[in-house]
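What follows is one chain in structure tokens, specifically the form predicted alone.
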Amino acid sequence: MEKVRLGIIGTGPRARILSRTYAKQPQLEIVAVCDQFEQNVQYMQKDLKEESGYGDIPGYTSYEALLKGTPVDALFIAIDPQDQVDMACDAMERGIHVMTEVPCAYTIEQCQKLVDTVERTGVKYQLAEQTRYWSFIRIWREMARAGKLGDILQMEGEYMHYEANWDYFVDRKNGELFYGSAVAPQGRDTRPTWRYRSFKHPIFYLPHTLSPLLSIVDDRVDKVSCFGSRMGSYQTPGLEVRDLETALMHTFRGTILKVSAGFTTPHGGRSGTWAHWYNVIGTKGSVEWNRSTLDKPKQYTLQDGWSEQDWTTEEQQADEFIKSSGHGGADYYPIDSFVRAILDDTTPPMGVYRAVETAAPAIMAAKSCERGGELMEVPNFRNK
């Protein structure tokens, strides 16, 4: 196999942005696109032709039609997170490699289904989680492995992604999105988007924070407790979501993690990472990303105290198109590592075990929040 033939299922705004990046992976060819809404398919076909130099790519409005109409080696599935597991597992049963968007699952049963399917079929699965590829995360990971931080006692993270006008409803017939209002538009046949459903527990979006932190300690979460603000947004009256949830976690090897997530409370961004913030505290030193656009990343050591650092999200040696790929130059790496894993027959860096080890703590955290902060055990999917 000289190139991986990729089909893209789910061609909404996010997938259209990613397709422009994926089209530049030299060992990848996008051979088909699919979405339940015809206009979304046409948007991506147009983008790939005008911006990426592709010819006429087949477009479909059903998963089955794509599989019957165009041979594919792999699929990138970017549909509603609640629905993607069944499709991903069906594709893997057919021998097709799969990459899905974050989070990989919304129930423990879905996590187990993903693991069982990968183990049974032997095909490649990867979660398209990009923040673990940021340059400063790589540097912190290398520092930890070299012993420069000592034993890691605590790690913190935040994902505070405020938008005044999230897309809360979608037209069932044509896929048109409606932004901002907590009330469905009158006279239109709509349903809540995956965002509205997910924001009821913003902690479900934990993987973007857990993935890089767990990569630093090469560990998994075994216990979690979570508290959240009331059900019903303070910022947007009538919006039945929690504005903020905070999880306190314990890893198998004894590190404490504290992670907060929110989408509906105003919060300023940070330079480089915008909605993301991270901190690592060890017995020999600490590292911290900048809290706002007014400060810089920092490192603490016993010898030198605090010092500002010039860490960035971008790998400085990367090509310019990679640096501009989105999410601080990290969007290119999930598809690149996925393609290389297929061609080289290796395990993807964000394979199924690491994927479910970011989703399961979020799932149990949401249950903990509903039970008033009850301490919950997180399953170990590597028991076999």
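Just so it is clear, the model here is predicted, and its values are computed rather than measured. Throughout, we count residues from 1 along the sequence that is shown.
Just so it is clear, the following notes concern the form predicted together with a small molecule, a form of the same protein that is not shown.
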Seminar exercise, completed: The one residue among F37, Y43, Y353, Y333 placing a heavy atom within 4.5 Å of the small molecule in the predicted complex is F37
Exercise. Tell me, which of F263, W277, F204, W194 has a heavy atom within 4.5 angstroms of the small molecule in the predicted complex?
Worked result: W194
Problem set entry | Residue contact check: R14 to the small molecule in the predicted complex, 4.5 Å heavy atom | yes
Problem set entry | Partner proximity in the predicted complex: D80 to the small molecule, non-hydrogen atom cutoff 4.5 Å | yes
Exercise. Given that the partner is absent here, does A362 sit within 4.5 Å of the small molecule in the predicted complex, heavy atoms only?
Worked result: no
For this session: Examine P103 and determine whether its closest non-hydrogen atom to the small molecule in the predicted complex is within 4.5 angstroms.
Result: yes
For this session: Give a yes or no on whether every one of Q84, M87 and A128 sits within 4.5 angstroms of the small molecule in the predicted complex by heavy atom.
Result: yes
Exercise. Exactly one stretch in 45-53, 342-350, 317-325, 29-37 has heavy atoms within 4.5 Å of the small molecule in the predicted complex; which is it?
Worked result: 29-37
